[in-house]
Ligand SMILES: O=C(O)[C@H](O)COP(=O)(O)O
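Take a look at this single chain, the form predicted alone, given in structure tokens.
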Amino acid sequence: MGITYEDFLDLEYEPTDEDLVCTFRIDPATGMSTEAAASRVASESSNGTWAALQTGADFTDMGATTFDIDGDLIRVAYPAGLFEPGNMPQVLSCIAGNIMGMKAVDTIRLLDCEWPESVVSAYPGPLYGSSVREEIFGVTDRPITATVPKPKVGLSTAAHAQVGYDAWVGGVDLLKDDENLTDQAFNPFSDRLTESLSLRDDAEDETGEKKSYLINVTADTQTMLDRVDEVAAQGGEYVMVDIITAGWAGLQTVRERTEKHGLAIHAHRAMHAAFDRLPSHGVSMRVLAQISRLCGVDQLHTGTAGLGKLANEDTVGINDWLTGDLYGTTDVLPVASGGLHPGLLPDLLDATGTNVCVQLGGGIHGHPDGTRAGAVALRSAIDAYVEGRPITEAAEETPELAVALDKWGTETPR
């Protein structure tokens, strides 16, 4: 029995319920037909190679099959047996591994995956997902809110915690570290955790509302586990992980530990654009979001539906996937962030709905009257939206919101 590239192309094949189906966009190399390139994608991502192979009786065929070609789009079916259950790095080594550098294609982009239940069931999924709104904050009718102290690095521990307090008492639910703040000398992790949670408690006493802190535990895996334990011991409800830079294996290990403590995971997507920024090559944010849900994050940054400062893919479509049914797996709460201010809230929530977390940084701390006023402005804008009132009407009643609208209007920053 021999294996050649032609064995990986079958346009009559119909995927089974057990197959993982991936959609790619490819640009074949000069002189290479789409069919030839498509067969090589399926071959290299499963059990083929460049030379014809002879196999004996001791062989289980785990070959993928390109079964559909539509212009520059191809669909490839992978047998579930190709994948080690619960091992996301191994899955990605197949469907987004060597094929990204194949000479047979000038560019290749993994656009979407259709995950079979047999693969999904091996992953834990989120512990809370969008239920964090109710289970942690007791909120059901509005987005939860978050802010990052600005400047995002360089503040002392005391200054960082004070920013959190001012935001919390102004109406924000969550203080959040940014992606590059971990355990630096100017703001050590343990000190920041202790002082921030202490002021969190004060803010809860003052406002009568639940508050929490997304502290960044990103590091080598053992250090992340130690930090998760420390957060739990100090009475935190969340940890934050830079999921792309920490890696999927590290995330999966953290997910196991957070289950033990009942902590939620806030996923920052720093470095995602290295994979998804170029529309013709890499891995789409949609797929990265899918992987994140399987591995068990509770909240994930997904963009601002074109309203903020960062380039985004289909925010609404990604959010729909994260919150939709997946064989009963817990959903994920989308997080909108990046260049937002109170004046953008009506358009943002029209696009995303209210089952989201809205995060503002400069849109709070850049308020002319400071962080607390910026937080009041944000909360007023959200409450007005939920109540069905125009933001301009809310601004007449809330001076802090009026000042924010006077400064930023309703335009997107660049």
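From 1 onward, residues are counted along the sequence shown. Here the structure is a predicted model, which is why all the values come from computation and not from measurement.
Another form, the form predicted in complex with the named molecule, is not on view; read the next lines as being about it.
*Asks:* Ok, Leu345, Leu360, Ala38, Ala64: which has a heavy atom sitting within 4.5 Å of the named molecule in the predicted complex?
*Replies:* For this set of options, the contacting one is Leu360.
*Asks:* Taking 4.5 Å between heavy atoms as the contact cutoff, choose which of Gly170, Gly282, Gly338, Gly129 touches the named molecule in the predicted complex.
*Replies:* By the 4.5 Å criterion, the partner-contacting residue is Gly338.
*Asks:* Please tell me whether any heavy atom belonging to Arg257 falls inside 4.5 Å of a heavy atom of the named molecule, as the geometry stands in the predicted complex.
*Replies:* No, Arg257 is distant from the partner.
*Asks:* Residue-level contact is defined here as any heavy atom of the residue lying within 4.5 Å of the named molecule in the predicted complex; does Val228 satisfy this criterion?
*Replies:* Contact with the named molecule, no.
*Asks:* Look up in the predicted complex whether Glu179 has a non-hydrogen atom within 4.5 angstroms of the named molecule, and give yes or no.
*Replies:* Glu179: yes, in contact with the named molecule in the predicted complex.
*Asks:* Is there a non-hydrogen atom of Lys210 within 4.5 angstroms of a non-hydrogen atom of the named molecule in the predicted complex?
*Replies:* Result no; Lys210 lies far from the named molecule in the predicted complex.
*Asks:* If contact means a heavy atom within 4.5 Å, which one of 92-100, 113-121, 171-179, 136-144 is the stretch that engages the named molecule in the predicted complex?
*Replies:* In short, 171-179.
*Asks:* Residue by residue through 266-282, tell me which have a non-hydrogen atom within 4.5 angstroms of the named molecule in the predicted complex.
*Replies:* The stretch touches the partner through His268 alone.
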